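The chain below stands alone and is given in structure tokens; this is the form predicted alone.
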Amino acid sequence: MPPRESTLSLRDCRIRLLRGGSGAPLLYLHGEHDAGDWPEMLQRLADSHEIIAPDHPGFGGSDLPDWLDNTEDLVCFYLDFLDELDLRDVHLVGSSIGGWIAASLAARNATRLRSLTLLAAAGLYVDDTPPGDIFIWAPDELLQNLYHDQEIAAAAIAKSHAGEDIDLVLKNRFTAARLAWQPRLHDPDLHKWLHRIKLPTLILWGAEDRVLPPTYAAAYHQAIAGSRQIVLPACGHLPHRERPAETAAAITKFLAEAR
């Protein structure tokens, strides 16, 4: 079944919201590259969970509010979002910038959360391993660097050359730059507070990630006590797109054990 689409108004901002499936609630916070989408991974997870997938403020079909300046603004927004929907025992899953938001939210206030899953999460900086510069790469180069499988990259490039969703792409890139241009893709203070995360935590990464190499997975794994780490071979920065079946299976197994 396709997801249900609705609009939620919160903090003077209209949010596009997709929901589907049934079961324990799973809140998915998208990355900078897949706002407004319902990837195969979510469809698979919807077999056992109620998926709640908003477009972040400033992304996809959501408004860009005046108050949005940084990722911490989104952290506070999603704390309000959880309160507004009165969601409890939530499995929080975040990809890239969405993973950064998820990690910061869990460190700040996890009272409504049951578990945390980070998919190639931004937010940290590893000395001697700077992230790939998603804001400097040319459009085709960016798509090539997001995937290990260049057939998938070529299909994404062809779609972009066809002009599909160009306004959406530009909107997402503009807001991503607003949030993560300087310092690039990280919060210098985040690492100091990750020890506060006591939730069952899964850290899942692609072995061939050119944006945030697996050393960033190791950094999160070291900072969050008791976390589990999975590195998928032959996979780039978007495991939920490049390896959706394996990613969904790993998350499903983890969530079953986190109940």
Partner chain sequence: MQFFFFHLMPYADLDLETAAQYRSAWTVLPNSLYDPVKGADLYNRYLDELEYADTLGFDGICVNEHHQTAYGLMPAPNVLAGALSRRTSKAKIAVLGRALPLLNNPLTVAEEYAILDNITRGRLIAGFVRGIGAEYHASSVDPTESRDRFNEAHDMIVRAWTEPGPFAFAGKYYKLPYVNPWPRPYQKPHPPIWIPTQGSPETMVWASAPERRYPICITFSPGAVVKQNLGIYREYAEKSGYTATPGQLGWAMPIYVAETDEIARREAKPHLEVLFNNLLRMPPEMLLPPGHTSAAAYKKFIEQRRGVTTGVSTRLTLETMLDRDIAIVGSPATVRDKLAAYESETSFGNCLALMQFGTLPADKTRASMELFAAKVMPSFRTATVAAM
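Positions refer to the first chain, counted from 1. Remember, it's a predicted structure, so these values are computed and weren't measured experimentally.
Here the subject shifts to the form predicted together with its partner chain, a form of this protein not shown in this document.
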| query | finding |
| --- | --- |
| Heavy atom within 4.5 Å of its partner chain in the model of the complex - residue from Asp86, Glu151, Asp167, Asp128 | Asp167 |
| Proximity to its partner chain in the model of the complex, single hit among Asp37, Asp47, Asp69, Glu40 (heavy atom within 4.5 Å) | Asp69 |
| Exercise: Arg108 in contact with its partner chain in the model of the complex, heavy atom 4.5 Å | no |
| Residue contact check: Arg173 to its partner chain in the model of the complex, 4.5 Å heavy atom | yes |
| Pro188 within 4.5 Å of its partner chain in the model of the complex, heavy atoms | no |
| Exercise: Asp80 in contact with its partner chain in the model of the complex, heavy atom 4.5 Å | no |
